[in-house]
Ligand SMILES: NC(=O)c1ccc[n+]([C@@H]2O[C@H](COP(=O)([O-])OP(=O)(O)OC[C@H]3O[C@@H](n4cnc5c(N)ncnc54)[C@H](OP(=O)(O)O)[C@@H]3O)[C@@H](O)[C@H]2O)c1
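The chain below stands alone and is given in structure tokens; this is the form predicted alone.
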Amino acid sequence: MPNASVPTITLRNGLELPAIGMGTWPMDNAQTASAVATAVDVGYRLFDTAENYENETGVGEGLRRIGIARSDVVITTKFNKRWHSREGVREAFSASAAKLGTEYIDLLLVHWPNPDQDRFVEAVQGIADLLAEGLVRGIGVSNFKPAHLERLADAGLIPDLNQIQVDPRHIREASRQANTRLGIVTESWSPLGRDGGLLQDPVVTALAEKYGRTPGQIVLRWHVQQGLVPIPKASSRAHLEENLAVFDFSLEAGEVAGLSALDTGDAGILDSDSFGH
């Protein structure tokens, strides 16, 4: 069953996306299967994986192990640059669907735009083909900059979701505004930061003390309160439960702004004009 305690956000194509999900990188298949089964039991309904993580099989195994109906979960996966063509995307879909053990994928994403290869428009068209056939339920991209999105829009292709690196030290204002302008939901990868330093920041720890929450819960609340969809990686039941328990309190507007003021610009952001796989 859908988890009534977790709000959902409706995407352009009508898919109801849970407001928080579970990331799986860098777990292997065995770790992923165990964590996903636990996460379903805890209340997660959104799961993120990728061809490049090499754990899609584990996501499918975890869902089968716990016995939840396929229609009650949202599965997101991503494919690499070698598949950036309309027929290539169909191959990527087939491979991922087989590993996941599913007939359809809720959100299929172009993992990186790889503009030097310059085939990401074809890749998104390939996902749109699958959407028209009912094999995917939404069109996704990951790490796309505003200029990449403009190329897609010019081709009449607007994704439902753009998964980018976002946290209070990397608020990605320009990218988020571009997403919003086009009606694209922003999903946050590495939402708690990549080095652990964010959770020790005095601004974060002071709010944690004020609200009787963990620093991680404060940061995740910053995401969901702004309509961002964070997908933190977790494996233990305690950590999974902690990350999900962010819908029963609110930060004040000034506190959200104070967290956003921790922004360091593009420092620590992988440049998707030059990096990708």
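Residue numbers run from 1 along the displayed sequence. Note that the coordinates shown come from a computational prediction; the quantities given were computed from them, not determined experimentally.
Below: the form predicted together with the ligand, not depicted.
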query = Can you say which of 229-237, 205-213, 246-254, 56-64 gets within 4.5 Å of the ligand in the model of the complex, counting heavy atoms only?
reply = 229-237
ask   = Do heavy atoms from each of W25, K78 and W112 fall within 4.5 Å of the ligand in the model of the complex?
value = yes
query = Pick from L199, A153, A95, L135: which has a non-hydrogen atom within 4.5 Å of the ligand in the model of the complex?
reply = L199
Partner contact for R194 in the model of the complex: the ligand, 4.5 angstroms, heavy atom = yes
query = Using 4.5 Å between non-hydrogen atoms, is W83 touching the ligand in the model of the complex?
reply = no
task = Would you check, heavy atoms only and a 4.5 Å threshold, whether W189 touches the ligand in the model of the complex?
result = yes
query = Do S142 and the ligand share at least one heavy atom pair within 4.5 Å in the model of the complex?
reply = yes
Partner contacts for 145-161, taking the ligand in the model of the complex and a 4.5 Å heavy atom cut-off = none
